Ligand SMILES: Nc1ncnc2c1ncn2[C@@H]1O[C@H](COP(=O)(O)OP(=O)(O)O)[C@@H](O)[C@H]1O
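In the form predicted on its own, a lone chain appears below as structure tokens.
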């Protein structure tokens, strides 16, 4: 049962959207997913309270560090195929690793030159967690909030700094889509948005599935080619390679 934690030393990087899309994509592929909402603002708990939540996704609140063990027990009680942890934007996020013991840490990065510094800080936190847990933890960055037409100049410095410091970058990014924001307003999943006439759901679904498959491949859990989702539009593929 893989456990994925979305963490960043700062807020506003798109952690909750990235964790939500991973959960929805996995659910559409037939997986059961338990999400732990460790953000005091409880955005996932709010989403779960809206109509249309897929019955294969459960959400467990852990607004404070002391709540994590109980939330994890509840999550495990659902017998999920995957556990996803969404955290608050704080330098203290490494403290949650002791309880959750993630297999993969994803650090979402928006297109700002300061984001690379946050990624380096997060890499140190992961390295310290590995020492405490005495086990390896995979770590990768995810480029988020990308404009539909990728502007290499705005992201090139981030990618270069990550590569120089041997920090992995997932080969697909999350492009800004109205559909991704509307999930938290309307509830449900991408199919719910489609039924409500939200624009661009088809492209949003393709981006989400490509992202899910990139996470699986990075973890060594890639499915056979005939089971994989259709490729995403060119502007969502191998973002880091195209920038570099």
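Residue numbers count along the first chain shown, from 1. These figures come from a predicted structure and were not determined experimentally.
If you look for the form predicted in complex with this ligand, you will not find it shown, but the lines that follow are about it.
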| query | finding |
| --- | --- |
| 4.5 Å heavy atom contact, residue 211 and this ligand in the model of the complex | no |
| This ligand contact in the model of the complex: residue 139, any heavy atom under 4.5 Å | no |
| Proximity of residue 175 to this ligand in the model of the complex, heavy atoms at 4.5 Å | yes |
| Residue 9, heavy atom within 4.5 angstroms of this ligand in the model of the complex | no |
| Interface segment, criterion being heavy atoms within 4.5 Å of this ligand in the model of the complex, picked from 195-203, 175-183, 57-65, 30-38 | 175-183 |
| Neighbours of this ligand in the model of the complex among 11-29 [non-hydrogen atom within 4.5 angstroms] | 11, 12, 13, 14, 15, 16, 17 |
